[in-house]
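Given next, in structure tokens, is a single chain: the form predicted on its own.
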């Protein structure tokens, strides 16, 4: 079940470097894309670095709205990840083409992708040189949620159902699935 987590812990579900989905909305238009280059930058408030290529439809929506949702999909969503990552939203309604169910949250313009295990709504911080030079956006979380079957207190649970494991993109349609959780004694 999707449950809110405190913003001070919202960086945790992204810290293991999973593939993410980025959704954005502006002026009645919504899109979603896959993004492998998302990294936590700060704790409280949580900040992420997000690389969004200049030629993407999602980027135009993010630049116009200055908002987005970053979410963590699962291995069971692999075909969806590959589909939204290799299709342009300028030519295709990805939501209907890939049968993506939207979730809505009050005060969040962009839809959340149903079936993910973590979501962070965020606003774009004013760093125009980074976006122009490197396609890099620094975003600050405004709200966050996790699937409590996967995360507790924003941390991975010891036992995660196989279908809810997250993935890491290697290249050319190749992914690595998260495996066993190990912990230190400290």
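Because the structure is a prediction, the values reported are computed rather than measured. Numbering follows the first chain given and starts at 1.
If you look for the form predicted in complex with a further copy of the same chain, you will not find it shown, but the lines that follow are about it.
Q. If you check in the predicted complex, is residue 70 within 4.5 Å of a further copy of the same chain, heavy atoms only?
A. No, residue 70 stays farther than 4.5 Å from a further copy of the same chain in the predicted complex.
(Q) So, residue 169 and a further copy of the same chain: in the predicted complex, are they within 4.5 Å at any heavy atom pair? (A) Yes, residue 169 lies within 4.5 Å of a further copy of the same chain in the predicted complex.
Q) For residue 163, is any heavy atom within 4.5 Å of a further copy of the same chain in the predicted complex, or not? A) Output for residue 163 is no: heavy atoms all beyond 4.5 Å of a further copy of the same chain.
**Q.** Partner proximity in the predicted complex: residue 180 to a further copy of the same chain, non-hydrogen atom cutoff 4.5 Å
**A.** Yes, contact at 4.5 Å.
Q. Which one of 159, 41, 54, 64 is close to a further copy of the same chain in the predicted complex, taking close to mean a heavy atom within 4.5 Å?
A. In short, 41.
Q) In terms of non-hydrogen atoms within 4.5 angstroms, which of the given stretches 125 to 133, 54 to 62, 141 to 149, 26 to 34 touches a further copy of the same chain in the predicted complex? A) This holds for exactly one stretch, 125 to 133.
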